[in-house]
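Next up: a single chain in structure tokens, the form predicted alone.
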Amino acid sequence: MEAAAPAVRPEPRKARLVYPKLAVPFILLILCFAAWGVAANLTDVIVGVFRSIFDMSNAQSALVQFAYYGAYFTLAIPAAFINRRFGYKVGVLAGLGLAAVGGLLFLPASEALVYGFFLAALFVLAAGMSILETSANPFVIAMGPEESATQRLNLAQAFNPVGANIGVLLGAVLILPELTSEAEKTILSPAELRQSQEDDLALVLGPYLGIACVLILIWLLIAFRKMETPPEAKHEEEGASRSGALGRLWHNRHYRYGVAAQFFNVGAQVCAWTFTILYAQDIVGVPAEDSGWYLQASLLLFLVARFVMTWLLGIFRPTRLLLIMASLGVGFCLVAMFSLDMVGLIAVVLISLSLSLMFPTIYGVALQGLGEDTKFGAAGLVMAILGGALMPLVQGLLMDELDAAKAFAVPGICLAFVACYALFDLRTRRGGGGELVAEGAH
């Protein structure tokens, strides 16, 4: 008797990237990712600008980052409630609208010539960006099948460093070369010095008004575009409202330590980028008009490395790669501390190589297996951006007491903590609800 031929199994269909009719909304959300990259990294340039204009200490100038990233911490949980009550689209629109108001507030701040008014405008801008980021990440995840969620989120996040490069380019081209030099200030009368302050602050005003206009345009495009939440996403939202989420999150060590790791990761990132320009000027003696290009190089490296790391994540376990890159980042910080020349400056730039992997990797590892608690878990990881508010203050104080080179111990310690988190994950086996997670999961 002839054996029956084995049944031919059909090839599994590749999950689509986004649901039908959501391609245009997905592109609009990608614009949001780029927009907050522009705003966030323009502040890295503004720190040095305000130090020059208002004649303040490094710690005082670092209050720029405290205002910006402190707003992220403050608004993350309210954003989660907005999303739960009104949906992701309303959260995105609320974030875009508030951020646009913050950009427009730079106009009265520039008229007043008061540092605190600029910090208030930055806080409002960043508050909007916090709501936007807390809403956009889960919105992107909800726009397609679960199987392609990581690919979809990585694609959207890849445009964040694109915006970051634009933000630094705006500072390097439109602001830094046009600032009144310290040599020029010494020969100005009090009236001329005040006029130079007004002129320099007008340089800051232009890019932020431009950002506000772009945000208003994106707001209009999203507001008048129909964005239906898929049934799968609606089901997930209903599950997220169940009680006890905070308690479950707190007792999940991988999540709890992941929030701490994200705090130190963002702290290291903001420290490195905030003080790259000041390191170039104070330690290596790079002219002010050229110093911004080293920060630009850092962000270009970050952009290219993010795509490379996305490819490497298909080969290596995420936390194994995280351990390697965090350890490498610690090494770069040590070189920056003790090699007080161009080698040290190159090491500062190379810190971005290790940073490129960290935010999405920690984000993915910490949220693994959370199920119905993912929405509030995501808000906690956005709140961890508070590290970007606090750690630059610590580094600024060290710069004032020691110098710009020795102060790079701060991002070095932060990256060492990230390495410890990666090692913790590698030495434990876990999953949401007790199940084991496959080694390559992310």
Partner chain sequence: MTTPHVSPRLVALGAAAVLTVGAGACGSGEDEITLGLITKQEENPFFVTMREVAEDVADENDVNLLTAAGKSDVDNASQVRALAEMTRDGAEGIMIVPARSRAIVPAIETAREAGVIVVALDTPTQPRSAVEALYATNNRRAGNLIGRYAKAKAEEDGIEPRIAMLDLAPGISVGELRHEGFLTGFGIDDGDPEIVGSAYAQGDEDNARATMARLLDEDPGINIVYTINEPTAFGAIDALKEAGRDMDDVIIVSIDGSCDAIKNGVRTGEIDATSQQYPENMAREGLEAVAEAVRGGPSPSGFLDTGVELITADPVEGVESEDEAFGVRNCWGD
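Numbering follows the first chain given and starts at 1. What you see is a predicted model, and the numbers here were worked out from it, not measured in a lab.
Note that the form predicted together with the partner chain isn't included here; everything after this is about it.
Contact with the partner chain in the model of the complex, defined as any heavy atom within 4.5 Å, is confined among 152 to 160, 326 to 334, 96 to 104, 183 to 191 to 183 to 191. Among residues of the shown chain, Leu340 is one whose heavy atoms approach the partner chain to within 4.5 Å in the model of the complex.
Taking the partner from elsewhere, Ala76 is found to have every heavy atom lying beyond 4.5 Å of the partner chain in the model of the complex. In the model of the complex, the partner chain sits within 4.5 Å of a heavy atom of Asp282. Heavy atoms closer than or equal to 4.5 Å to the partner chain in the model of the complex belong, across 126 to 141, to no residue whatsoever.
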